[in-house]
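Form predicted alone, single chain, as structure tokens, below.
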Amino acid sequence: MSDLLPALNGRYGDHPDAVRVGGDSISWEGLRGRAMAVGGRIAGHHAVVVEATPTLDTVIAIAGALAAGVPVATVPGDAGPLEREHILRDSGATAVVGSASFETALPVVALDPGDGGEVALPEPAPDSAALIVYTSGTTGLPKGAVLSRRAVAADLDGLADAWSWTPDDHLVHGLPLFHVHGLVLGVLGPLRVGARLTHTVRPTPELYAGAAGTMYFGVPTVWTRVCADTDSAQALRQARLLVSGSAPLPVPVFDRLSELTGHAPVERYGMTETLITVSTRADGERRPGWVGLPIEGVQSRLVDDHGDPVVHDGETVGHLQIRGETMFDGYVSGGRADDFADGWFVTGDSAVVDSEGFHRIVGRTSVDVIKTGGYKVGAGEVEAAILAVPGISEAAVVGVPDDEFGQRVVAFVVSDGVSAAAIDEHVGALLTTHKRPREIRLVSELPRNAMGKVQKSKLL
């Protein structure tokens, strides 16, 4: 088995309950045997697809593809026909590994519970493709980012350093297994570090509380629900580290989670194309609303609209660019050069950086930087002010075309009986005039994708 996943090489010994998904579990040795058997059957394929449902079979299928050095593309279990067919076609897959809930003309390589034993497979090259992970498709059909074994290893090693992640840890999460957060960090991370993994299938407060882990991964929606369940939240006091990602964690949730669990959560930032590149540290400051410092092997910079450096004063907004060892190799359908400027990946996100190098993500430049009346307003700052109002559970701020101001600031708010006038009064005391929403629309819910990110394009 490749050194990408040393837990399956026996480096950390064995554990009878090394990987648990729901009610099914397997040891490191058992997982190695089944993965190697699958790898032997698919070796030589151009690429394979796995329907990434929250099952132990998904873990076995992906580990098998990595053992064989065959790039594996993941399809969400709830993908619609258009998205699914696009991934099957775009990835160049020549087989589907494991069970599939959809019909396909590709051969299906079934998993056999009786698989095991040693299969001789050559060591895949470090620069060979490991994963084809599809973006969220906010600007069209999802694009398949090709991630090398070297990039995945560099990212996980950088995060292990930042989070003091060791074989003594027991990671618990219930995140989807088709994307970077749940798959790369949440499955390959434990297999590289040698930590136990429990996937709860569903990320409910009760299941998190009952798993007795040392590390927990969640998206803001998960942590919001944990905070609403006091008993479950307090059960997490025995943990070592709580990590939040995939979307900004509202400051009130950060504060409440810290109060109930005794742990200020670690926040981090990344993209499919770059993996996770910026994070607060287990042994460092954890500042609400800020995602910390570049991990080992990664550099960042802020530039203005002309490509000139932006001052690191914690206030001035710039375009965030990243470079380092965790970068993707390109999109499977072609194209990469346009995403880089002088060797720096253009994230499309805007951020501020303070004098100590701490990063705060303002949001997507295209939708989260609002140009109104000659000012640049970060939607995240306005959202944070709204979420500080008692009785507000969700908020999304966008810029709407306006003849007078260019764009006007509009807030969509999920409120527990709080009026728009009360919200306006509270926010007015926190923000300067040009940052205040000119319109507040009360809604029952915000549109989100499978990773919990608000789909602001659906609000416009």
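Heads up: residue numbers just count along the shown sequence, starting at 1. Just so you know, these numbers come straight off a predicted model, no measurement behind them.
There is another form of the same protein, the form predicted together with a small molecule; it is not shown, and what comes next is about it.
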item: 4.5 Å heavy atom contact, A341 to the small molecule in the predicted complex; value: no
item: Partner contact for Y269 in the predicted complex: the small molecule, 4.5 angstroms, heavy atom; value: yes
item: Close approach of V152 to the small molecule in the predicted complex, 4.5 Å, heavy atom; value: no
item: D349: touches the small molecule in the predicted complex, heavy atom cutoff 4.5 angstroms; value: yes
item: In the predicted complex, segment of 108 to 116, 251 to 259, 269 to 277, 301 to 309 with a heavy atom within 4.5 Å of the small molecule; value: 269 to 277
item: Contact residue in the predicted complex, chosen from A235, L88, A145, I361 - any heavy atom within 4.5 Å of the small molecule; value: I361
item: A95, A388, L241, A247 - the one with a heavy atom within 4.5 Å of the small molecule in the predicted complex; value: A247
item: Distance direction in the predicted complex for the C-alpha atoms of H312 and K435, relative to the displayed form (3 angstroms or more); value: farther
item: Cα distance between Y375 and H312, which in the predicted complex differs by 3 Å or more from this form, closer or farther; value: farther
